[in-house]
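Quick heads-up: it's one chain on its own, the form predicted on its own, in structure tokens.
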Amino acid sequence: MKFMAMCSSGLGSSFMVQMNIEKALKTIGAEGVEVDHADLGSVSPAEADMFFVGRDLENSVSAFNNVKILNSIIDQDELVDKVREACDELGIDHSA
């Protein structure tokens, strides 16, 4: 499985969300998930199983089926909840 954090430039905020997704996966005890980050213009829907973007980019990902929209990209509690939801939807085992 692969999760992808995306932002408009693929540098700062998506990299920060990538690191926070990795923390969230550890928090909930999920393993076997690759996490990466990229800019919106260089990613196709086939490149990951779940995408994470900030609410400001929601309209830019309408072609993507599996997307978690983050109300705040710095809210770790929200991200843990969204990562848990993604794992549940994709059948990824987790302990918390």
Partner chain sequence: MSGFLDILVQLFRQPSILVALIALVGLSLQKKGPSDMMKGTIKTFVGFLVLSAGASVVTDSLTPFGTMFTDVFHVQGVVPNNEAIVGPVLLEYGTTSALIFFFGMVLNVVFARLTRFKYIYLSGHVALYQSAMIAVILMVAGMSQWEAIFWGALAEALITTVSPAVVQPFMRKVTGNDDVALGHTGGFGIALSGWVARASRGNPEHSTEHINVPKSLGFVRDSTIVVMLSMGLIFLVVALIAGPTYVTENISDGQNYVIWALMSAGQFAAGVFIILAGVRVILAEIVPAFKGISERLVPNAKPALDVPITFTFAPNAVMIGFLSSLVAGLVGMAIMGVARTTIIIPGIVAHFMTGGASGVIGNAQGGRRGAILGAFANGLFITIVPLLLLGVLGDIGTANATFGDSDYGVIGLYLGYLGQFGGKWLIAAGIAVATVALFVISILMDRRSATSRSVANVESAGVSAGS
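Residue numbers count along the first chain shown, from 1. Since the model is a prediction, treat every value here as computed from it, not as a measurement.
What comes next is about the form predicted in complex with its partner chain, which does not appear here.
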Contact check in the predicted bound form: 25, 49 and 80 versus its partner chain, with a cutoff of 4.5 Å between any heavy atoms. Do all three pass? no
Does residue 41 make contact with its partner chain in the predicted bound form, using a 4.5 Å heavy atom cut-off? yes
I'd like to know whether residue 65 contacts its partner chain in the predicted bound form, with contact meaning heavy atoms within 4.5 angstroms. no
Taking its partner chain as it sits in the predicted bound form, is residue 70 in contact with it (heavy atom to heavy atom, 4.5 Å or less)? yes
Does any heavy atom of residue 56 come within 4.5 Å of a heavy atom of its partner chain in the predicted bound form? yes
Using a 4.5 Å cut-off on heavy atoms, which residues of 2 to 17 contact its partner chain in the predicted bound form? 8, 9, 10, 11, 12, 13, 15, 16
